[in-house]
Ligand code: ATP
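Just one chain follows, in the form predicted on its own, and it is written as structure tokens.
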Amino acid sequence: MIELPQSARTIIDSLKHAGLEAYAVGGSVRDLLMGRPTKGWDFTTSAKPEDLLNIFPDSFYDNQFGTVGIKMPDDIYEVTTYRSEKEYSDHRHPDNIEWGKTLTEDLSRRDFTINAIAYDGKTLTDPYHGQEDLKNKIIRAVGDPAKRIEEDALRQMRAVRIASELGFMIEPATLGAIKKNVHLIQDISVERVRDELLRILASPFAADGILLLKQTGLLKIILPELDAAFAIGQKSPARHHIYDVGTHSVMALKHCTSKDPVVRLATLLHDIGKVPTYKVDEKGIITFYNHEMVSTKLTKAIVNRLRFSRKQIEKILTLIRWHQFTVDERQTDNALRRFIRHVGRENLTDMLALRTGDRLGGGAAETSWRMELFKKRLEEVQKQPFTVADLKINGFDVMKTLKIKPGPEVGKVLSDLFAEVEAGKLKNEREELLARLKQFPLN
């Protein structure tokens, strides 16, 4: 018998003690059956919201969907009254909700069979054979798949997301319904679409998820700039690439060493600028001059369209803009320092993760002796100060030593000191900096 956590048992037992039905349901039961950790628990019950408020005095209810939040020592648990739903004019929310009478009626409105399994701590209720689909690794809609998608068009992306999280396949009828109704995704808010996309990118099978988005037609609507890249070949003399731009992008995502979905998105989009910059010269060699700059411009439009946060946008655009960095043992320390300033120290690991994906996604080896030397030199040059703020003395030291008041001259002195340290003429050590400071002439 599978075990529910203590808080879940307490909720179910309390409702049963009051003569009511209660079950854990949805993704939490699915994950429990698969032996996976679950994030949050959902419950369905015959109890009306007012019953729940009476049984659990600390609970709260402020929505039209019959969902009550119950406060437990470890978390807040959502418990929803059995319900049936009528008409979905916006392809997202039901126009009318009626309290249901039975568990089976409630389960019939669920999205996929693997999410339509209920458990009360003793008995599994599985009218749509979700356990069998779990065993066969199948995503299947409950009942008529077209109807399920028309009710809530976000279920199209949810199907892809769950498949990419679990490594499952979408069964043919459900896949066909998604393809047929793919246009309905345009009725969903961009924030919802963005969040599902990020969850796909964060999943263990993110690359397969992107290919599923393409197969269903969702990619052409959500990321048309990437969808177009699958028609751009890269095989030509003097080029190492073995895939078209779109396939390379997905393979780069697959091999990206970061688990951060924002870094993975940058990896996925880093070459979309190759679509408009594609050219073939007189020797038959394909070129994509300045594609990183065009990729940055196109991606800026995408992340603004999907309403990413300012911080996320800054990281994504920085990684894409500078992903074509040169790796050459003849580079000077100053060249490496310029690269670090462009990318930002906080983004170096993510940039290297993108480059690893880019190399492996293009058929090259994961690394090279030049790349390993480059990484070592990046570590070495970071031991030196990068800005005036990194100096071992500050403006107060300047004013005290030179007996001057706050003003532009303080900043100029610090800048001059920093220039000497950066040029290797002076060590960034406090005593040495103070000694040099005493030699500064004052105007």
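Residue numbers run from 1 along the displayed sequence. Values in this document were obtained by computation on a predicted structure and should not be read as measured data.
The discussion below concerns the form predicted together with the named molecule, not included here.
Asn115 is the sole member of Thr81, Ser258, Thr296, Asn115 with a non-hydrogen atom lying within 4.5 angstroms of the named molecule in the predicted bound form. Out of the listed residues His241, Arg355, Lys254, Arg158, Arg158 is the one that sits within 4.5 Å of the named molecule in the predicted bound form by at least one heavy atom.
Shown alone here, Asp111 lies within 4.5 Å of the named molecule in the predicted bound form, counting heavy atoms only.
Using a 4.5 Å cutoff between non-hydrogen atoms, Asp152 counts as a contact of the named molecule in the predicted bound form. Using a 4.5 Å cutoff between non-hydrogen atoms, Lys39 counts as a contact of the named molecule in the predicted bound form.
At a distance threshold of 4.5 angstroms between non-hydrogen atoms, Arg199 is in contact with the named molecule in the predicted bound form.
Stretch 22 to 30 is the contacting one of 397 to 405, 49 to 57, 22 to 30, 376 to 384, since its residues have non-hydrogen atoms within 4.5 Å of the named molecule in the predicted bound form.
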